[in-house]
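Next comes just one chain, in structure tokens: the form predicted on its own.
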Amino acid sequence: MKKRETFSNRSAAIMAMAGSAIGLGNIWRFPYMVGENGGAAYIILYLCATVFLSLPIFLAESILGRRTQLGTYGAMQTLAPGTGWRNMGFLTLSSALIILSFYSVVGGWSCDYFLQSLALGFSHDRIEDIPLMFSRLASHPWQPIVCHTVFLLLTALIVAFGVKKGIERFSTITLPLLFILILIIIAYSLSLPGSFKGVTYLIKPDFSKMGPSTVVAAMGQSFFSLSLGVGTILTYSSHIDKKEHLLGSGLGTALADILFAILAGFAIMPAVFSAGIEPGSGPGLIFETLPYIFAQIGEHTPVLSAIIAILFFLAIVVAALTSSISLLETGVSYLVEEKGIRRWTAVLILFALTWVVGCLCSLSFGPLQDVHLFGCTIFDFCDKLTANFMMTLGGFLFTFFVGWKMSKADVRDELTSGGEDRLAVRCFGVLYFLIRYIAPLVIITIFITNLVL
């Protein structure tokens, strides 16, 4: 039997898992969610949700993966043989592949905008065309499909090379690059006139804007940002060596995810306020509002503005790739371990499957825009199905299994690395309480809220 690949060390594992967590959710969704939910107050809720909700779920997935050294299907079959728990494998596999299908469409848009920035497409002399640029791209019958294909090919190529030569190598190179790029963009954003209003917006909480919807939004953002409930963390954790400390990996990943999300806010909001644009611009903030800002600023500093636009959309593409490879690896791991299929063949099979579904999602903005499933376009249906139901169900089942089905002794043994991790030993009581009681209750709250809304 071929020896299972493991990450080289804890740093490599954190880089890979942080890469899975850091994606479009941080650099695209987080800033506009902050804008729509009152600024700093939302950030405080997001931090609390990460510590008391997302980290326990992250650790639950990590315990299952590292305990069995298998993907979701194999892990549940090993820990609960002959029971329905093995169906968790099919739930997480389908969730990951559906997410990857529409996620790669957005990743394709990012690739197109990166090429547009290289071609100086956001210059001031084209400012009148910029507001229509995104709608033209999204509704085009074949251009976004080409971009979707390119993005998915890049994802497949990285995963095909395996855990160490592909995922680990890509993550350890690109994650530091991603932080460098976002810091450069922050420096530029803070240099703009009137940018301090954006800083104040991010650091001065307005608790009058807080309400139940804000709390649920912060919990949901934290949950989805860390790639929970779809088996990616479980799969990555199955490649962590037994001597490494799971709590350290979890804390490192959560910290990197939080830090990058906040940095993204400081990269974007000062520029938004400098341009006098409404901070709650919604999902169009990245693909409509910011290119317009780059064009505005380009009237006075065209060269610098063009460079920042290139770096910004390069950061988006890299962030999208670090997450997409983890989604694809979840399915590849299943086919390799459970079906005995060679890695490159498994990658090709899943590439073809997600490419077809992704094309349908892409066409839902154009030729298939009148095709609806339960009142949603194909893209929106896939998004809402996974985000509102499949991911939350997966997260609930992971925490329920670790908190109520596994023996407390086994959970303690894995989380504390056999008692070697002194910090985990001291914190075990609190962590176990969060996994067993708090996280499942909060997930149920999110699920019911999404169902009602």
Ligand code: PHE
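Treat the numbers as computed from the prediction; the structure is a model and nothing was measured. Note that residue numbering begins at 1 and tracks the sequence as displayed.
Absent from the display: the form predicted together with this ligand. The rest refers to it.
Trainee: Report yes if any heavy atom of S225 sits within 4.5 Å of a heavy atom of this ligand in the model of the complex; otherwise report no.
Mentor: Result yes; S225 sits at the interface with this ligand in the model of the complex.
Trainee: Does S323 reach this ligand in the model of the complex if we count a contact as any heavy atom within 4.5 Å?
Mentor: Because a heavy atom of S323 falls inside 4.5 Å of this ligand in the model of the complex, the answer is yes.
Trainee: Can A21 be called a contact residue for this ligand in the model of the complex at 4.5 Å between heavy atoms?
Mentor: Yes, A21 sits close enough to this ligand in the model of the complex that at least one of its heavy atoms falls within 4.5 Å.
Trainee: Might N26 be said to contact this ligand in the model of the complex, defining contact as any heavy atom within 4.5 Å?
Mentor: Yes.
Trainee: Considering F122, F312, Y113, Y103, which brings a non-hydrogen atom within 4.5 Å of this ligand in the model of the complex?
Mentor: Flagged contact: Y103.
Trainee: Looking at L327, L290, I308, V159, which has any heavy atom no more than 4.5 Å from this ligand in the model of the complex?
Mentor: Among L327, L290, I308, V159, a heavy atom within 4.5 Å of this ligand in the model of the complex occurs only for L327.
Trainee: Partner absent here, but in the model of the complex, which of 357-365, 124-132, 182-190, 227-235 has residues with a heavy atom within 4.5 Å of this ligand?
Mentor: Heavy atoms within 4.5 Å of this ligand in the model of the complex occur in 227-235.
Trainee: Residue by residue through 376-394, which ones have a non-hydrogen atom no more than 4.5 angstroms from this ligand in the model of the complex?
Mentor: Only a single residue, M391, comes within 4.5 Å of the partner.
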